[in-house]
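Take a look at this single chain in structure tokens; it is the form predicted alone.
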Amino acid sequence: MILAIAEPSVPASDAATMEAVSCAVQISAIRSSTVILASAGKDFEEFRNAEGVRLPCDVVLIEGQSLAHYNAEGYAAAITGLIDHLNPTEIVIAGTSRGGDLAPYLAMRISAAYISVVTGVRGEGGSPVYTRPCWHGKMEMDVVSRRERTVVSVQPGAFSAAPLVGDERFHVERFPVSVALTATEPEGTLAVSQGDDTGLANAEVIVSAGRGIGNRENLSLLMELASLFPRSALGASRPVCDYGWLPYGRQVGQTGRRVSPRLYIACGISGSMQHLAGMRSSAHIVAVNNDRDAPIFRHAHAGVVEDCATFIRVFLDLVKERENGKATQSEEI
């Protein structure tokens, strides 16, 4: 049996949870096994009444007084009780900030193998072979677990978060636990301010800046490029925000915004897995980078190997020439 763990403290249909289930389903096909989704601390009726949630598996709700707010100690102890009861071969957790905190702690607690930031899985001899990035995303490696149990954390955006084929009225069971916290005490959750509305959530076209744009002054070129499209927005990679060139509210990535525009133009962005986690689901990805070996090109639908500022200036000049040509033709008519 394969056990997927729901993302704590978010709605039942959260993308991170759906991605973990998608990965678990692929593993179950290799194992010829079944999938169960476990959720700690959620309300029973949330899963019963959530509109549009479709799952190809049943749900077990882990209930206990120590699970009202997420903490690794309490959640790991509660999930360990369920693992002892169900005896799964794999435990799949989304590689979010909470998942990245929980997964290695849980693996240590149950003496399981731990394979992080998994981006793909295939079968070989009836066993799963996991693909994960290495060397800052410049290469990929295949990993096979030799333990009876394996904890897998899924790279956000690597697996489909679309509604899965399944029963809307999936079976939900309660699994009560009694967990006493001895090493930690949660004191609540602080929301991180995202700043003013940047338009990223509803943009059809996003032009994103990476450190490869060279300097803050070149942001004006990206803004002019974005202005060519209706419903566009300016995004950024983590380094650009760290440099202070743009506010963190514009950051796209695992620790920033997750976006799915019709067109995503990555300018001077190398393509780390953290950034890909925030924009991988874009319908069309165009990458502009002067490093032909940049990882972003492996995920782009179209790529331009050129200095970003040089390319954008040439592109803007061509657009202006075309518009001037149309105006001249209109005047002649």
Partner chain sequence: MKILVCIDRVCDGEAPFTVEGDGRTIRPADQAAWRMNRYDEFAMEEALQLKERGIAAGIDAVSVGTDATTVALRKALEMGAHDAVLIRTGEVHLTPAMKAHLIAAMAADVRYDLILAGMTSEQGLNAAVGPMIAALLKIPHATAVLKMDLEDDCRRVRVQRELDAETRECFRLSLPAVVAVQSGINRPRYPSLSNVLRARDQEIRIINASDLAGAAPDQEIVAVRKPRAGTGFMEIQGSTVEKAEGLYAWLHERSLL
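Quantities reported herein were computed from a predicted structural model and do not represent experimental measurements. Just so we're on the same page, rigid core means the largest C-alpha set that superposes within 1.5 Å between forms. Residue numbers count along the first chain shown, from 1.
Keep in mind that the form predicted in complex with its partner chain is not shown, yet the notes after this line are about it.
Q: Although its partner chain is absent from this view, report whether Phe175 comes within 4.5 Å of it in the predicted complex, heavy atoms only.
A: Phe175 lies outside the contact set for its partner chain.
Q: Quick one: does Glu224 come within 4.5 Å of its partner chain in the predicted complex, counting heavy atoms only?
A: So Glu224 does not count as contacting its partner chain.
Q: With a 4.5 Å heavy atom cut-off, would you call Ala183 a contact of its partner chain in the predicted complex?
A: Yes, Ala183 is a contact residue.
Q: Any chance Ala302 has a heavy atom within 4.5 Å of its partner chain in the predicted complex?
A: Flag for Ala302 set to yes.
Q: Of Arg231, His171, His85, Arg262, which one comes within 4.5 Å of its partner chain in the predicted complex, counting heavy atoms only?
A: None of the other options qualify; the answer is Arg262.
Q: Of the options Gly100, Gly214, Gly199, Gly120, which one has a non-hydrogen atom that comes within 4.5 Å of its partner chain in the predicted complex?
A: Only one option qualifies, and that one is Gly100.
Q: When the two forms are laid on each other by their rigid core, does Gly100 show a Cα shift of 2 Å or more between the shown form and the other one?
A: The answer is no; the displacement is under 2 Å.
Q: If we fit on the core, is the Cα of Gly214 displaced 2 Å or more between the shown form and the other one?
A: Yes, the C-alpha moves 2 Å or more.
Q: After a rigid core superposition, would you say the CA of Ser282 moves by 2 angstroms or more between the shown form and the other one, or not?
A: Yes.
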